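The form predicted on its own is given below as one chain in C-alpha cells.
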C-alpha cells in the first residue's frame, strides 16, 4: 500500500503540532486515525506523539487536561473545547499484564515499537508530510492482516487486553489474524482473567458497536477462549439462535441479553451499571414470552407487564426464529403501535379511579387498595372501554 502525499489533518491538531515543533519538540500523528485514513474510513480524531515531556506540554498550552499524565498523555483543548491527546514518546520498562511503568525521553522508533499491532504503528508528520512505518503496517493493511509488533507473546503479556483488541479489529475490518499472533493469543488467553471487568466490558461493547458482523466477533471470542473466561453465559454451542444476532440493532446490552443464558449475571460480572443489569434481566425474563398479536387483550396485558422494556423485546424479534411461535409474531410491532396510538390504559396510573376513590368507596386502607386497583386494571386491559369512573366504582 502506498502512502498518500498528505492526510487531512484538522486545523486544531495542526496548530498543536506546529507549537510543539516550534518549541523544538519533534511531533508526529499516530494511532487509529492514521490507520483509518489509509483504509478510507473517516476519522478526524488524530492523536499526537511528541518528544516534549508532559510538563512541557502543559506549560506550552494554557488549557490542558491530565487524562493519563502518569503514562505521558495530556489532552489539549481547542477553541471548541474538543480534547486532542498529546503523548510523550515512551517505552515500557515494567509491566504486569495490566499496568505498565513507562520511560520518557526515548525516540519515535521506541514509541512505535511498544505499540500493539503493526497497523497501529504507523506515524505521519503533519508539517513535513513524512511517513514512518518501521513494522510494515501499510503492507498488513493491504493484505488485511492483524499482526503483532515484534514478538506476539511478549506484546500480549505486556497487556492482555491486546488479545481482545486483536479480536475487535479483526471483526471490525474483516481482517485475518496472522497465525503466530493468533497462536500467541490462544496461548496467553488465561491472562485475560487478570484484567479489570471494566476494561473487558468496554472492549466487548466496542466490539459489538464496530464489528461488520457481531457473529464474527462472537466466534472469535469463543475460538480464542475469551468467552469461556468472561462470557460463560454465552453458550459456545450456539444453543440460542446466535447466527441471527447480526439482524439486531447495535445495542451492546440488547445483544448481550439476546446471547446469554443469564444476561444479568454476565453484566454483573462485567460491572455494568445497575440500569443496564436490570434492563438485561428484564430482556432475559421476557425474551421467550410474546403475546399472540391476533388477541388484543393479550397484547395489552403483555405491554402492561413488560413496561419500559417493550421496545427492547420488539427489537429482539428479527433475531428470533419465527418457527418457535405458533402465531404470526412478526405482526406484533404493528399491533403494539396501534395500541399505543389508541392510548389504551396499560398501568394502574391510567385508571379512571385512584386509591383515594377506593377508600371513599369503602375499601379498607392497606394492601387491599393496591390489590383492588390491579384487579380493576385486569378488567380494563380486557376492554379499555371499561375505564370509566362509574364502571370501575360499580365493580368496587
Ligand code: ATP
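In this text the structure is predicted, and so the values were computed from the model without any measurement. Residue numbers count along the first chain shown, from 1.
Absent from the display: the form predicted together with the ligand. The rest refers to it.
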{"item": "Selected contact from 159, 276, 312, 292, since only one has a non-hydrogen atom within 4.5 angstroms of the ligand in the model of the complex", "value": "159"}
{"item": "Contacting member of 73, 120, 188, 219, with respect to the ligand in the model of the complex [4.5 Å, heavy atom]", "value": "120"}
{"item": "Heavy atom of residue 31 within 4.5 Å of the ligand in the model of the complex", "value": "yes"}
{"item": "Exercise: residue 169 in contact with the ligand in the model of the complex, heavy atom 4.5 Å", "value": "yes"}
{"item": "Distance check, residue 246 to the ligand in the model of the complex, heavy atom within 4.5 Å", "value": "no"}
{"item": "Residue 59, heavy atom within 4.5 angstroms of the ligand in the model of the complex", "value": "no"}
{"item": "Partner-proximal stretch of 42-50, 360-368, 63-71, 334-342 relative to the ligand in the model of the complex, 4.5 angstroms, heavy atom", "value": "42-50"}
{"item": "Partner contacts in the model of the complex for 112-151 (non-hydrogen atom within 4.5 angstroms of the ligand)", "value": "114, 115, 116, 120"}
